[in-house]
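Only one chain is shown below, in structure tokens, and it's the form predicted alone.
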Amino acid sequence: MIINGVSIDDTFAEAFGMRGTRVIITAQNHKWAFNAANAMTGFATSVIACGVEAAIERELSGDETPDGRPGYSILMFAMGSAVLMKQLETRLGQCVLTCPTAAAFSGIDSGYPEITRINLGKNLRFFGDGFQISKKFGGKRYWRVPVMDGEFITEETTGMIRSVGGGNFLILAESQPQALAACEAAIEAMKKIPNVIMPFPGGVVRSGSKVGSKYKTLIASTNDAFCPTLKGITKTELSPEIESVMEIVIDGLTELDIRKATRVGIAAACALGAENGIKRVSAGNYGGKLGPYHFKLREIMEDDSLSNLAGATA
């Protein structure tokens, strides 16, 4: 398959099951809501070392939030429910409870076949040292925790669902600036897709990895087959003109969400075309041995039904 002179490899991205949740963070204005959301999703690029993968999903206007204030939705993913619950509580306590004017609410209440309620502010209420009080509206319990700027308002629980992590594609270009430009175009397009995040810095990762290492203590190491400086000394996947490869990793609430994000991302990268040095799009997989979800690049790009940008289950 060729799109605007860019070759799409006949391969697939291999992904795996995760647990995911969404939290709505609001504040007096977008500046302070962002401060809380950005802090809460910091150091959350990969489950390999961070415990969770998390990022801001999108900005919310006052008419989209439970308390009518500006906010952000964030998504968090982990390999298991226990890790996700622990990371959620820790990050909420250290990054949102502490942030002036910030409040936190559930971001998943319906729309999925199976939703597990997990603690949001249920345990953080004890910070109130007995002065906390609860209110129940519409079947939901909220906590008002006294803090020095007034009150920290938090919903008691949020929803957790089975989700998908590790969707990905690789952009192969003639130079580093060209690869980065294609990734930036892809990320801008992918940000319009709900229910997904690209958790690495700016949505892009340059240190794609393979499973295992020559060093026994490492579970992952550099993907040498796609490193341009190793073309002469390893079993390379790169042709002579390829001098830079960058990866975009996608976590989504559903398999369909990742398929949509993959399609718009690849399309945006390919729009720059071969004339701008974009030569190939490929994907990372492990021969089908790691995860049950296989995102076949050519199949996705041929599926016109994915061009609908509306959320599948938002």
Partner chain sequence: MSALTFTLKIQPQQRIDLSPLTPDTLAGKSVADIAAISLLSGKVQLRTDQVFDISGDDASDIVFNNSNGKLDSIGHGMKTGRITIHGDVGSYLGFQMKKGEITLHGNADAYTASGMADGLIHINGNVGDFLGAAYFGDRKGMKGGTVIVTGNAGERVGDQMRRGLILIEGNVGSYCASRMLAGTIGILGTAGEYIGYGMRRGTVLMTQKPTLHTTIQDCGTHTLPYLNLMFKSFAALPSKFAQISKNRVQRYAGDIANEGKGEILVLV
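Fair warning: this is a prediction, and the values are worked out from it, not measured in the lab. Positions refer to the first chain, counted from 1.
Form predicted together with its partner chain: not shown, discussed below.
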Answer with one of Q178, Q132, S209, T236: the residue that has a non-hydrogen atom within 4.5 Å of its partner chain in the predicted complex. Q132
Given that its partner chain is left out here, which of N38, N276, T254, T65 has a heavy atom within 4.5 Å of it in the predicted complex? T65
Per contact check vs its partner chain in the predicted complex (non-hydrogen atom within 4.5 angstroms), the hit among 198-206, 164-172, 223-231, 150-158 is 150-158
Is it the case that R141, even though its partner is missing from this view, gets within 4.5 Å of its partner chain in the predicted complex, heavy atoms only? yes
Does K214 reach its partner chain in the predicted complex, with heavy atoms at most 4.5 Å apart? no
Does R69 reach its partner chain in the predicted complex if we count a contact as any heavy atom within 4.5 Å? yes
So in the predicted complex, does any heavy atom of F105 sit within 4.5 Å of its partner chain? yes
